[in-house]
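The chain that follows stands alone, in the form predicted on its own, written as structure tokens.
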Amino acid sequence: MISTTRLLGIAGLCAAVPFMGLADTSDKSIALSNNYAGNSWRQAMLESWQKVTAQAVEEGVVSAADAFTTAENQATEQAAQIQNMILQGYDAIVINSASPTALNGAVKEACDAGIVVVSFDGIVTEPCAWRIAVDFQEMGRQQVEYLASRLPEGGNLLEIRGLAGVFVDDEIHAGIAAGVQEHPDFKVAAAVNGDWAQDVAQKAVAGVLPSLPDIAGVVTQGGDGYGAAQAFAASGRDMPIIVMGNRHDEMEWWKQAHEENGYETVSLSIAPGVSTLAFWVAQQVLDGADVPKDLTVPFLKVTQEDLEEVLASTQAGGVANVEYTLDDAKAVISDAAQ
């Protein structure tokens, strides 16, 4: 896995390395189809897209890189959005999908029209599309692995899931289940949906806590750790070990708790700037590069030792992040081709 320091260092390259645009794609247009923007991760993802693609357009790498987000997290609405993009004549469509399968028809229509389709985070299974993802199952499994290192006798877990039906939610959940199977002294006492949002998670956790036994640990998907901590604090229960998801408010709470009582945990999530990697992959496909259909990037993991460094570089209300350059994308493509 790429270290936290290396991942954070990539972000700085965006300002230091000029775009290496080629004339071959200067007249090409790329659109982002996003299904949801209701949490800090998605907002950071869109901000990274805007920052990197605006410079790419200014440098003449592509002619346009427009971003669109559906009003509701519904696959039917996003499919209609993609069909509109086909009609508008975009050369490539980058997708954060509401479903791994429900958009396949619209994606196939785009491919049949000669449009490059690159999915990331919420990927699609249509074979004509490219896919960029982290090993979300491993991200879930490592949460239980960490808790086992801290709690060798096991205990009850509360699982906070993401948006129901989305690829990411299913994969992280499968990884958590695998981790519990490896460490049978743990038991998932209850699961709630936090929709990757602090306020939703806090309400969901507060609603289920009165019916739960003692909770030793909370496994999450990102964007829900601070909300869980607030719910436990309000309930008067002992604070469990809550796995965090790289949000600024989570890490700020974690830092304060560590200073007050030695609280320790771990934090991990996919970097929102993966949208910029998807942009560069689409640009490379348009430029004629031989790009494998499945690309994997490491998730960003923050340990107790990394916490203060990462927190200092994360803006308030934001998420620990990495933004990718064209050179970074070429390196990811090269690694996948080996």
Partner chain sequence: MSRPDASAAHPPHRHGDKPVTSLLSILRKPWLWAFIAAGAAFVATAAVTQAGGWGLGMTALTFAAFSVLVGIGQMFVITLGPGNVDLSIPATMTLAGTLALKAMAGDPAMIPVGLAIALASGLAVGVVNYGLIRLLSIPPIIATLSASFLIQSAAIWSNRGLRVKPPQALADFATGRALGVPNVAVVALLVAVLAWVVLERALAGRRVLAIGQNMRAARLAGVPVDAVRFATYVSCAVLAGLAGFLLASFSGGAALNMGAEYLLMSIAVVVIGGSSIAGGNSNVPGIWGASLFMFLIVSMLNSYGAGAGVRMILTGVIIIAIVAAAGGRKVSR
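The structure presented is a predicted model; accordingly, all values stated were derived computationally and were not measured. Residue numbers count along the first chain shown, from 1. Just so we're on the same page, rigid core means the largest C-alpha set that superposes within 1.5 Å between forms.
Another form exists, predicted in complex with its partner chain; not displayed. Remarks below refer to it.
Taken together, the three residues Asn35, Cys128 and Trp280 lack any non-hydrogen atom within 4.5 angstroms of its partner chain in the model of the complex. A residue is said to contact a partner when one of its heavy atoms sits within 4.5 Å of a partner heavy atom; Val192 meets this definition for its partner chain in the model of the complex. Under a 4.5 angstroms non-hydrogen atom cutoff, its partner chain in the model of the complex lacks Ser269 among its neighbouring residues.
Remark: Gln198 counts among the residues lining its partner chain in the model of the complex, judged by a heavy atom distance of 4.5 Å or less. Using a 4.5 angstroms limit between non-hydrogen atoms, Ala178 is distant from its partner chain in the model of the complex. Between 95-103, 133-141, 205-213, 109-117, the stretch whose residues reach within 4.5 angstroms of its partner chain in the model of the complex through a non-hydrogen atom is 205-213. Among the residues Tyr226, Phe167, Tyr90, Phe186, the one placing a heavy atom within 4.5 Å of its partner chain in the model of the complex is Tyr226. Residue-level contacts in the model of the complex: of Ser26, Thr296, Gln43, Thr303, one residue has a heavy atom within 4.5 Å of its partner chain, and it is Gln43.
Contact annotation for 70-91: residues with any non-hydrogen atom within 4.5 angstroms of its partner chain in the model of the complex are Ala71, Glu72, listed in sequence order. Once the rigid core is used as the reference frame, the Cα position of Gly105 differs between this form and the one not shown by less than 2 Å. Annotation: Cα of Asp121 displaced by less than 2 Å between this form and the one not shown, core superposition. Once both forms are overlaid on the rigid core, the distance between the two CA positions of Gln81 between this form and the one not shown is under 2 angstroms.
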